[in-house]
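Shown next are two forms of a single protein chain, provided one at a time as structure tokens under the names structure 1 and structure 2.
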Structure 1
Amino acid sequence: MTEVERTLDNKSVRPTAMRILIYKFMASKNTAVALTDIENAFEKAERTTLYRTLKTFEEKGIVHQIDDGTNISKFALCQPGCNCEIDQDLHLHFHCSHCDKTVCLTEHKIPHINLPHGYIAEDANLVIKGVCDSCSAH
């Protein structure tokens, strides 16, 4: 049993060949990936399988879904300190308008916001758009 297989198994996800490939692909990237990204990476991939795999991963806390404002759902592996299951302490995401990549800034948490009377916060999403470090270096 490999490292990846153990990870999936720990999260009660049966480590099939396809799932291991998807997991490894996401682990190899340091950016959030869209379903289409994975589809393009593997010729033999079936959209539906990828779709359901990502859903399963999300339900089991292996990845978290990211809405970066492009209206295309992206996904990233949960890191230690990701805390995406807990409603507090959510990290923010950065979307580069130059290379169109989205990254998790796991260290950077969303500050607490005081809401008007009657409003109850349950979740928060903060996306900063701009130029990422790779793009600003060139």
Structure 2
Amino acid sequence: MTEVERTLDNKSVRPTAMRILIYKFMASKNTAVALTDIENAFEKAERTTLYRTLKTFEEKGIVHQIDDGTNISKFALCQPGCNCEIDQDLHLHFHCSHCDKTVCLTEHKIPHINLPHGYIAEDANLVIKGVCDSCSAH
């Protein structure tokens, strides 16, 4: 069993050929990817298969969805040990206004926010927008 197969299996996801390919594709990227990025990489695959794979990955905590303000959902692999729990696994995201890439800044955690009594947080997303290190070096 390969490392990817083990990762999927540990999250109770059957490691099919397409799921393994999509996982490897996402792991090869240093940025979050949109469904269209995956579609372009796997042109012969059915769009619904790709979408269902992403949704399964999201439900099982393999990827997390990022709303970076572009109106295009992007997905990134979760770090080992991440459970995408709102109290402990939230991190910053950075969206570059020049190259349009979004990256996870997993080493920069969002501090816990105490909400008023009766408020229940279901999701939190903090996106910093600006110019990434690659674009600012030019």
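Numbering for residues begins at 1 and runs along the sequence of structure 1. Predicted, not measured: the structure shown is a model, and the values here were computed from it. We call the rigid core the largest set of C-alpha positions that still match within 1.5 Å between the two forms.
Two forms of the same chain are shown on their own. Structure 1 is the form predicted together with a further copy of the same chain. Put the two forms on the same core and the Cα of residue 113 is off by 2 Å or more between the two structures. Residue 123 is among the residues whose C-alpha shifts by 2 Å or more between the two structures once the rigid core is aligned.
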